[in-house]
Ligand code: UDP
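First, one chain by itself in structure tokens, the form predicted on its own.
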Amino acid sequence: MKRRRVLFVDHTAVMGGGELSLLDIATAYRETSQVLLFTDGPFRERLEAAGVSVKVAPAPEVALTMRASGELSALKVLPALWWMACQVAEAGRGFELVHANSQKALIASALATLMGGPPVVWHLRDILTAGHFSRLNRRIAVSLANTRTALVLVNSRATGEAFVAAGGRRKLVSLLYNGFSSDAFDHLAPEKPAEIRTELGINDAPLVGVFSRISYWKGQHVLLEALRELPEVHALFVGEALFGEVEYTSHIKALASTPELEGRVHWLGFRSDVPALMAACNIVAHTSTEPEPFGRVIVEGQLAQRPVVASATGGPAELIQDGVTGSLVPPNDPVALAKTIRELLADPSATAALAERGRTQARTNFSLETLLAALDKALQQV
């Protein structure tokens, strides 16, 4: 199947989950397509290293700093968004489709259709709820999607249902789970996990890893509170705050330094060796307190052949069959999390079988090849 000529648009160059997914997609489409970014940074570097053509059009600061959870000030932001739309319309010449990878990219791309820009496909990677998006911002995004897009790709059923509940047209929605290459997990040097444990100074102690940016709704505090019930267990946190969550970061760092947790919590910040770090863990935990659109770390943990414990809300409930391919616990419930961790550590044989089933599911249902085949098919219909 010949791939469409697509202009991929993203407002950020920070490496979040959506950007990691787009990196794989854009790499597969690099012979026919281009990526337009509205800021420069690591994402541009990763794309170019993969041979992807990238154009950077630095957007006005007011457009980049507006928060989805706050109300848009039309007088202040509209000129900047219109400028971004002009860039999309200009860059879109010669392409068949525009793929908007974020809400800000959607707004700019949808406005660009008023200038003759190509049809827009919105890759919706967020659950449109009041917890993350203001009422006005939800209304703007849904209205533009309903009137100016040809297709809304959603990364889970939960994401799609939230879009429809916010007023989105169901017939626009097409389910497209994220896909992953297993190469980095399959070809990991066998000595790496032990080396990491030696570096951390934990030797054979049980280790539970959380791989996520630091934010209250990502729930790092839930694991820290659970550790109070697990005196032998260590915790590994990989990631940093991306949006200035200074107060929350200070809170969890203070919590980790209390006498009952001191010495058992390891902060690594952003790392590029996630497969090795996951392999060094006994358990990978997903601790979000609110519905997660997908849960990238869940599939990565499964590919690392580690038992995954996840909050039973949003996308994760679609990725894990409880007790079969992983474990689900109520969100924001450290007691339930501690209980599940204790049970997994107590039965290594059953836990290993659970991890193997999770790995098989991840390789079968969430492979990069599966994603690309489904995306090719969806875009052919636009």
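If you're wondering where the values come from, they're calculated on a predicted model, not measured in any experiment. In case it trips you up, residue 1 is the first one in the sequence shown, and so on.
Below: the form predicted in complex with uridine-5'-diphosphate (UDP), not depicted.
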Though only this chain appears here, would residue 206 touch uridine-5'-diphosphate (UDP) in the predicted complex if you measure heavy atom gaps against 4.5 Å?
no
So, residue 307 and uridine-5'-diphosphate (UDP): in the predicted complex, are they within 4.5 Å at any heavy atom pair?
no
I'd like to know whether residue 133 contacts uridine-5'-diphosphate (UDP) in the predicted complex, with contact meaning heavy atoms within 4.5 angstroms.
no
Spell out, yes or no, whether the shortest heavy atom distance between residue 218 and uridine-5'-diphosphate (UDP) in the predicted complex is within 4.5 Å.
yes
Look at the stretches 84-92, 144-152, 291-299, 104-112 and give the one with heavy atoms within 4.5 Å of uridine-5'-diphosphate (UDP) in the predicted complex.
291-299
Answer option from 172, 274, 196, 80, heavy atom within 4.5 Å of uridine-5'-diphosphate (UDP) in the predicted complex
274
Identify, from the list 200, 238, 166, 255, the residue with a heavy atom within 4.5 Å of uridine-5'-diphosphate (UDP) in the predicted complex.
238
